[in-house]
Ligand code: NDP
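One chain comes next, on its own, written as structure tokens: the form predicted alone.
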């Protein structure tokens, strides 16, 4: 069986950037796209904050261009989902991975770029309007609602941070908190309370997102009294957390309490030699396409140095 020099699992900005650098380093990378080829950006209509696109770019189009760039240097992009791995803990050891069609792979190095999946409420109207006013990233999409009315769901630090970010650019931010208090730290709560255009609604959940093609409003329900109310908004931001796509690496790689892969110091190295992690799978703080791409570059350089070190 052929031993792959560099196997990249995942095809978002981190995976494709890693592939570009790995291919140029003659590591002959093979990318397995995963269940969502192109990653989370394929659900984003407009990307305005990625360098090099002065007029903005459509999310799926940007990912297609990244794929083409990786393929131009010789990357082998394969449609498939890696559903099992056996990682070697020896320097120079061979790692094994299995594709969902049963194909077994052996690799000298693996770059994990499987990303994290945003948690949504799961109601039909919300799912239908993702990309049409429903977003899980205020920093990514908040700009499109400058001067408009928006709502954000969540009561933790992420929700509080995104609410204060939106308050700086939007007219009115309605913050929907399911319980009678926020889970956010006291410092973050103070920031929310200081903003004069953030309106907190406790014991409040979304009953339905209103709109055919784009968000026009929401119907909310007080979960104590059962009273329903409709409010007009242009954008709805869901900030109830993310789940890193790391299940197949559990018991083999070191992770934090939330399942994010722990990397060593300022590198992408994991606790397994020859295994590197990049993008949202190891970053719960920034979660931006540009930072994911940066760590993809780092992972490829780390993999190249690892392989070169085996020759010494």
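Residue numbers count along the first chain shown, from 1. Treat the numbers as computed from the prediction; the structure is a model and nothing was measured.
The form predicted in complex with the ligand is left out here; the points below concern that form.
K.L.:
Pick from 106, 172, 183, 78: which residue has any heavy atom within 4.5 angstroms of the ligand in the predicted bound form?
P.N.:
The residue in contact is 183.
K.L.:
Let me know the one among 200, 240, 221, 231 whose heavy atoms come within 4.5 Å of the ligand in the predicted bound form, would you?
P.N.:
Of 200, 240, 221, 231, the residue with a heavy atom within 4.5 Å of the ligand in the predicted bound form is 240.
K.L.:
Using heavy atoms only and a 4.5 Å cut-off, decide whether all three of 157, 161 and 179 touch the ligand in the predicted bound form.
P.N.:
Yes, the whole candidate spot contacts the ligand.
K.L.:
Within 4.5 Å, heavy atoms only, one stretch in 208-216, 98-106, 232-240, 137-145 touches the ligand in the predicted bound form. Which?
P.N.:
Answer to the contact question: 232-240.
K.L.:
Is residue 286 close to the ligand in the predicted bound form, meaning a heavy atom pair under 4.5 Å apart or at it?
P.N.:
Residue 286: contacts the ligand in the predicted bound form.
K.L.:
When the contact criterion is heavy atoms within 4.5 Å, does residue 130 count as touching the ligand in the predicted bound form?
P.N.:
No, residue 130 stays farther than 4.5 Å from the ligand in the predicted bound form.
K.L.:
Examine residue 121 and determine whether its closest non-hydrogen atom to the ligand in the predicted bound form is within 4.5 angstroms.
P.N.:
Yes, residue 121 lies within 4.5 Å of the ligand in the predicted bound form.
K.L.:
State yes or no: in the predicted bound form, is some non-hydrogen atom of residue 49 no more than 4.5 angstroms from a non-hydrogen atom of the ligand?
P.N.:
Residue 49: contacts the ligand in the predicted bound form.
K.L.:
Since the CA distance of residue 286 and residue 238 differs by 3 Å or more in the predicted bound form, is it closer or farther than in the form displayed?
P.N.:
Pair moves farther apart in the predicted bound form.
K.L.:
Note whether the distance between the C-alpha atoms of residue 51 and residue 136 decreases (closer) or increases (farther) in the predicted bound form, against the displayed form; the change is 3 Å or more.
P.N.:
Their C-alpha distance grows by at least 3 Å in the predicted bound form.
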